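Below you will find one chain, with nothing else, as structure tokens; this is the form predicted alone, and questions on how it binds or moves follow later.
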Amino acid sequence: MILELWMVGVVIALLLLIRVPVGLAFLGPSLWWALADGTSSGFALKTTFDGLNSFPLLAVPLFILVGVMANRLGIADRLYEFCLAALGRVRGNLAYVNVGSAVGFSWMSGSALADVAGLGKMQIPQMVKAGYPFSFAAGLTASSSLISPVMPPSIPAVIYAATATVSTGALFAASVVPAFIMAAGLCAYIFIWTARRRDLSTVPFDRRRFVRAAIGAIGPGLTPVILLGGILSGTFTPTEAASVAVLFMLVLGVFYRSLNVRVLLQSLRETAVITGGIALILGAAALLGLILTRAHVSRDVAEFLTSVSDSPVVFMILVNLILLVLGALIDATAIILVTVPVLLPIATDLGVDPIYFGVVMIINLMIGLLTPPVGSVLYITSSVTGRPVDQVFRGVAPFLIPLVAVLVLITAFPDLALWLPGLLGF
């Protein structure tokens, strides 16, 4: 059984190396192992479909639709204009606006890919035109996009909560402070970088422009109030809140006169494509999880980690190292689905809070979106700008320093994540 399991791992690795989609790379070898182990094909397929049969996961396509519609309805443009009107006279204004608009858009998106695809097309050319090096503009835009999958409504958080059977609302609340710390870390890097650049232009503050931009941003600003306010107050479940947010996007689209049949169909089509990819990973990971359970992988991993040390601090350091490596090689959704059933029981036995563990895992895996060879955000940024991936990564590399520093900070001080959920009574 162990030999066959190693063969499954090797085949999966080879398929990923030749860039076979993650869901198919997991599903094929897992089906082969299940059938070789005597599992009926019907039971294997049932296990795969059971991985999708979860009401909390219904929030995923709805949150994706919210982010896609926010992009296509011009809501991201309104947030960008407001940030620019507020910060125009600050040296390095476009860099701070980049982070500020990423924070604003994150309350609606939940996806780094949607953030960099939507905002990147607007921000990077404007920054380059204003005198910022392409490497800095692309690196900052790619890095700031990671705020979206950390700040609620985070799609990875929904998947983790469903996998770990913890409160999605509590995980959302725990993610808020770390997301702002990520933004602060990027702003600190911007401050240091711009201090040596006296050539960057500023724009005088224009009260009329600011008031006009602020009025235009009222609608988008109400989205997180409705969405997160409903979840954290207990008025909505995350799935219900996502549905309400979709309806609110439609209302904003009608109000701004940017919604039409073509935009709606494009939004639904894009959402279906993204959701289909995630659903394939969810189903395949459920079958792979069954294999790992039958092979007693959880027990073996627990014995290895506890033989190294029974300290929660050492355990979290080891987990971070493991996840940083995995995040560079495999899609984050797949890692959450496969590793949470293995690592979370060990964490809880050592006294690690599952909500805190989830926040650390999500931040860690999102850094993987910026690291090759997988690095999905790198490829999207390359596609948006028309520049080679290696050139984009050279711009991203310096920003990994503040992001990893934030990961270390959150790992070292769990209360940074757990303070807000405790305050809200989760």
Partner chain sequence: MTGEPVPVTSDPPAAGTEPARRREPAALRAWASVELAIACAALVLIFVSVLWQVVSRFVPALNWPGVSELAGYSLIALTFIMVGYLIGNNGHITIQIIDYVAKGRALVVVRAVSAVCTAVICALLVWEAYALIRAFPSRRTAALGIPIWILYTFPLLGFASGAVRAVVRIFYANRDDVVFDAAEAR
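Positions refer to the first chain, counted from 1. Note that this is a predicted model, so its numbers are computed, not measured. Heads up, when I say rigid core I mean the largest set of C-alphas that superpose within 1.5 Å between the two forms.
The next section is about a form of this same protein that is not shown, the form predicted together with its partner chain.
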Checklist line | Heavy atom within 4.5 Å of its partner chain in the model of the complex - the one residue of A213, V342, L259, A117 that qualifies | finding: A117
Notebook entry, point to check: Which listed residue (F136, F236, Y189, F315) meets the criterion of a heavy atom within 4.5 Å of its partner chain in the model of the complex?
Noted result: F236
Note to self: Check for me: heavy atom within 4.5 Å of its partner chain in the model of the complex, for each of L24, E240 and P388, yes or no.
What the structure shows: yes
Note to self: I'd like to check something about P398: if you look in the model of the complex, is any of its heavy atoms closer than or equal to 4.5 Å to a heavy atom of its partner chain?
What the structure shows: no
Next item on the list: Would you check, heavy atoms only and a 4.5 Å threshold, whether L17 touches its partner chain in the model of the complex?
Entry: yes
Margin query: Can you tell me if I75 lies within 4.5 angstroms of its partner chain in the model of the complex, counting non-hydrogen atoms only?
Written below: no
Next item on the list: Look up in the model of the complex whether T271 has a non-hydrogen atom within 4.5 angstroms of its partner chain, and give yes or no.
Entry: yes
Item checked: Proximity to its partner chain in the model of the complex (heavy atom, within 4.5 Å), stretch among 90-98, 306-314, 245-253, 175-183 -> 245-253
Next item on the list: Counting only non-hydrogen atoms and a 4.5 Å cut-off, give the residues of 144-174 close to its partner chain in the model of the complex.
Entry: none
Next item on the list: Would you say whether F43 is displaced between the shown form and the other one, judging by a C-alpha shift of 2 Å or more on the superposed rigid core?
Entry: yes
